[in-house]
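Given next, in structure tokens, is a single chain: the form predicted alone.
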């Protein structure tokens, strides 16, 4: 595994390996950019195949988080923690130890929840650190903020294709009906969309069905004939096989790193499917949470609506350059970083998982 080469190519400042034998804690903390302000990024608990896969996941996600901050107008950069969930022996102790490692970084990293990280993990983590960037209780739930931003991005995509941002009568298939997917489904239903959805949690499925969501089997969600496919669970879902099954005109969801690599963005473009890059679309919670932390202000409607304008700018750039929307979005973010003297020429988006 060429960790230092990956860091140099991606422009990362620091990668910390964390390990504690007593608790079974092991994983990586990647800091991509702390020069623009605090580095924001969640803690992901996952069963990785090997250390290379985990390290590159941390690097890719932290880089995307910097791009997200840049395009959302947040004074901050990106970070990510990935933990080998299957190696943990004592989870509360592991999270407390992880908190100690984060505390040792001196406040440059503001951590938060990600896939697999639950409330009991937060309580244990905060025994070791004060640098947990909690979405304030004075604000609405983070998932609702993200869902609002996703709606504005969806409207921008429809306007680009149809010349009309109207959601009424549109069919949307949501993969994952959790903290973002369910509020998104409600917003879409309120706009008279026909909403299909799936989730592995039976209680969540029942709640969604009660709202009017048409439940489909998780394996069949890609094949739903729809205007928009919204992945709102794990990343990497639109790999080469699932991409061929897709029956939607637009891909616009809140999951991080929806595509395993940028090559899938090129494939979607070739198939005539409009892809909204996730790091442009899913910044609602970051905008509200980081904004409140930095300014104390509670209303961010203007900034959330700006997500739609940014999505439109990405489409226009991709159209003009005959490139994928992923490349257009990363190019926009990198242009801003160049203007800020934040990156050097060798840095580039990390493209694929390395295999040992």
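All of these numbers come straight from a predicted model, not from anything done at the bench. Numbering follows the first chain given and starts at 1.
Another form exists, predicted together with a small molecule; not displayed. Remarks below refer to it.
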Does the 4.5 Å heavy atom contact test between residue 207 and the small molecule in the predicted complex come out positive? no
Though only this chain appears here, would residue 256 touch the small molecule in the predicted complex if you measure heavy atom gaps against 4.5 Å? yes
So, residue 114 and the small molecule: in the predicted complex, are they within 4.5 Å at any heavy atom pair? yes
Close approach of residue 201 to the small molecule in the predicted complex, 4.5 Å, heavy atom: yes
Assert contact_stretch over 120-128, 248-256, 69-77, 91-99 against the small molecule in the predicted complex, heavy atom within 4.5 Å, equals 248-256
The small molecule in the predicted complex: contacted by all of 37, 41 and 62, heavy atom 4.5 Å: no
Would you mind picking the one in 193, 133, 285, 156 that has a heavy atom within 4.5 Å of the small molecule in the predicted complex? 285
Checked 167, 224, 268, 233 for heavy atoms within 4.5 Å of the small molecule in the predicted complex; positive is 233
